[in-house]
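Alright, two takes on the same chain below, each alone as structure tokens: structure 1 and structure 2.
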Structure 1
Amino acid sequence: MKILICIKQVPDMESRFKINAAGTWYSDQDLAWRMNEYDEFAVEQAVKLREQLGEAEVVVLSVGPDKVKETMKKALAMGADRGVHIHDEASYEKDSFQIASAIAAYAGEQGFDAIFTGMQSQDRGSAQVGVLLAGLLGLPAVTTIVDFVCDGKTATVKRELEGGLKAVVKLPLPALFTCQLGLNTPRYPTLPNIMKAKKKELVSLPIADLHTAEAMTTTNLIRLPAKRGAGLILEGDISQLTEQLVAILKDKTAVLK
């Protein structure tokens, strides 16, 4: 059995973000980088499936500049067998369809039985790459899974819906799954596994060697949210608070006139 995990390197969400000079994305200067949180659940599920089945190969793939290899090494230390890096220094300029088409150009000839991705990336948050990849490969896809059972031929999964509801889906492999918080608890790479990861295969493929579709969306301008002023603390009994609040709504907003 062959299993593919697609991961993305994203900035630590605690970083201080700045917009780039073109105003189309964030600047990558002075940022700390890490594996996309949702992708960690995908890595864990793929490794658990291999451990369950015994005979399987887990391949981790990422699109991006050279620095994404550091994040890929974490996936290798978590248990992936080898890595495929699609090298693209301008990956941030590509939309979800272009990224999915690049992955499909590689994965289409590999015969993967199961593909795991994160539900979405923490920086772009479009939740599109996984489902677009499934469409390009002609595979069924189940999104936002929070439970996974597989016998190597079919998978039974639960997917999270709005309102806390869960739907049970049973489908044959090959198939693609996008992973949500609650699916599992990602393992922490141990020092011995970190050392082993350094010896695992990690190959780079230039994105120019793969077919990439034309962009379907463009980003014209992004901006940080406007800074808000300090809040007001109202004091007094209920009648006093009501009077103060009404006065504020009249004087400082258009809610009451």
Structure 2
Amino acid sequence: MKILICIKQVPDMESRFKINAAGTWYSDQDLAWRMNEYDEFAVEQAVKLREQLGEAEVVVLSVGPDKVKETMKKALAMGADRGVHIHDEASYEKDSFQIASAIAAYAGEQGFDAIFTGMQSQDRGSAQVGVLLAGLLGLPAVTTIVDFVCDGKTATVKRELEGGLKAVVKLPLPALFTCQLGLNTPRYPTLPNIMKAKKKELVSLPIADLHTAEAMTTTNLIRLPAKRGAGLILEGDISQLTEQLVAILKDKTAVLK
């Protein structure tokens, strides 16, 4: 069995974002980078499936500049067997369709039985690449899964709907699954596994060899949201803050007498 995981490197969302010179994306300066949170669940599920089935190969793929290899190494340390890096210094300019097309150009010849992606990225948040990739490969896709059971031939998964409701769906492999937070508990790479990961295969393919699709959408500009400005910001000494807040609650709400 062959399993593919698609991951993305994103900035830490606690960062203070600045706009880049072109005004079309955030500046990549002074940011801490990490694996897209949703993708950690995808990696964990793929590695668990391999552990369950015994015989399987787990390939981790990422599109982006050279630095995404650092994040791919985490996936390798979590248990992926080898990495395929689609090298593109300008991946941030590409839309979901172009990214999905590049991945499909690679994955189409590989015959993967199961593909796991995050349900969305934390930076762009389009929630499109997984479904588009499945469509381009002619595979069924189930989005936003929070439970995954597989016997090697069919998968029974739970999709998260609204208000705590879940839909249970069964489908044959090959198929693609987009992973929601809480699907499993992603493991922390151990030091021995981090060392082992350094020796695992990690090849880079230039995107020009794979990518041919035109963009479906373009970003005109990116900006900071307009501050609503209505909110009051309180700062300072704790006891003073306490008094200020209690006074406001007495004045503005009916919950304090």
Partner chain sequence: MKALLIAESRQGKLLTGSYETLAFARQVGAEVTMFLVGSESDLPKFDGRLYLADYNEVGEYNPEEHLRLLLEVINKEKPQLVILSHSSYGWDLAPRIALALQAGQISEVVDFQGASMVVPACNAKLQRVVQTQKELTVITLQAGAFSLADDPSGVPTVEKLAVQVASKMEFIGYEEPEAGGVDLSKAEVIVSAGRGIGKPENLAMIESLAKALGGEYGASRPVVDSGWAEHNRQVGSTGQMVSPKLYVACGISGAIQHMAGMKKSEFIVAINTDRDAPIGEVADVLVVADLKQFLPALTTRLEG
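Structure 1's sequence is the ruler for residue numbers, which start at 1. Each form is matched to the other, and the largest set of C-alpha atoms that superpose within 1.5 Å is called the rigid core. All of these numbers come straight from a predicted model, not from anything done at the bench.
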Two copies of the same chain, shown separately. Which of them is the form predicted alone? 1
Is there a C-alpha shift of 2 Å or more at Ala247 between the two structures once the rigid core is superposed? yes
With a threshold of 2 Å on the C-alpha, tell me if Asp237 counts as moved between the two structures once the core is superposed. yes
